[in-house]
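The same protein chain appears twice below, in two forms, each given on its own as C-alpha cells and labelled structure 1 and structure 2.
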Structure 1
Amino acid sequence: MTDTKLRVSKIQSGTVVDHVTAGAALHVLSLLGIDGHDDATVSLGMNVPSDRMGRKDVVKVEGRELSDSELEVLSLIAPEATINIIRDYDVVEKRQVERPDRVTDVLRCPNRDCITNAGEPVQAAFAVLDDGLRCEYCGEIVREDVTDYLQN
C-alpha cells in the first residue's frame, strides 16, 4: 500500500473520530453504544501509523453525527481525538474534543459501598480532575483504566 491510498474509504455522511489513542477504538465504540447489533455502519482502523502519535486508532461512523455530550464523554478516553463531521463526502466541521467539568450516568463508581452501587435511584456523577475522575458521592478517584468503569 502506498501513502496515496486510503486504508478505509471515505464516508458519505457521519462522524470520523481521528487521533484516538492506539488500542482504544473498541472502548470508543462501547462508549457510543455500538455493539454490532444495530444498523450502524462502522469502519475501524487500529494501530494505524501517525506522524503525530506514532500509532493511532480511527473510528468512522456512517449516518450519525455525535452530540456534544457524547464528545465530552469521549474526551475521557480519547483526550487527543479530532472529530470530523462529514456531509456529502466533505468535512464540514472539524474540532478537538474538550474535557467537561462533570459527567453523569456514564461511569459506575469503583467503590462497591458507594450509594450509586446500592440500587438507589441516583445517577453516578463524577467531577473531572486534571489527573482523574472523582465520584461526587463517595469521593473515590479513578485515575487509570477509566474504560473499565463505563456503564453499558
Structure 2
Amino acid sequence: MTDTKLRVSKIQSGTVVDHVTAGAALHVLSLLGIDGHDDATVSLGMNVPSDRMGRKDVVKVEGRELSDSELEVLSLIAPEATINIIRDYDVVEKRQVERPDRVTDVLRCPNRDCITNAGEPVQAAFAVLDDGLRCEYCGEIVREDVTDYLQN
C-alpha cells in the first residue's frame, strides 16, 4: 500500500476530521480520548498539502462520532476543521465547527484552588475569549494547549 493510498483510505463508519490546523492532529486525538491503548482504528495525515490551507492535518477514526461538546472544543483547537460522519462508507453528514460563546463539560479548570476542582457537583464552564478560555467560576484564563485540561 502506498502512502497516498493510506492517506485516502476510506473508513466504514466513524468520523473524518479534515482541515485540521497543521500540527494539531495529536491534540484532536487527545480530545477524542484516543491514546493508543484502546482498540480504535485511527489514521492520521499530517502536513498534507491543501489548496485552502497550504498544509493541513486529517484525522480518521473508525467507529467513533463526536458529541456536540467535543465539537465545541475542537473548534478551539482547529477552527477551520470540517467533520464528515461516515456510515457504510458514505458521508451521511458534513459539519463545520463553530466557535461557541462558552464551553462546558469537557474541560477542567487548571486552577487547583477553583471550586470546580473541589469535589462539588459542578462542571467547570468557560467563556470563550478571542485568545483563550476563561473559567466562569474563578476567572482563570487558559491560553496554552486546552487539551491539557480535558476531563477524563
Partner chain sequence: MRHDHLLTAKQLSRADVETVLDRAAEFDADLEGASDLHAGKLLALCFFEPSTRTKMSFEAAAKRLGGDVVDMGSVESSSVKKGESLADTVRVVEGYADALVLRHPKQGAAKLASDYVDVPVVNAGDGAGHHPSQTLLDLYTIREQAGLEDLSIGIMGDLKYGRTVHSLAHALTNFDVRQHFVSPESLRLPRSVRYDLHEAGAQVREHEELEDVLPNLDVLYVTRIQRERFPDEDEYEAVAGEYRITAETLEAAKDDLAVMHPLPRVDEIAAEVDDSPNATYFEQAHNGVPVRMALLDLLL
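Just so we're on the same page, residue numbers count up from 1 along structure 1's sequence. Fair warning: this is a prediction, and the values are worked out from it, not measured in the lab. Between two forms, the rigid core is the largest collection of C-alphas that superpose within 1.5 Å.
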* **Matching structure (the form predicted on its own), either 1 or 2** => 1
* **Two-part rigid motion between the two structures - turning angle of the smaller part, in °** => 20
* Structure fact -> Once the two forms are overlaid on the core, the CA atom of Asp130 shifts between the two structures, in angstrom, by 2.7
* Structure fact -> With the core held fixed, Ala118 moves its Cα between the two structures by a number of Å equal to 7.5
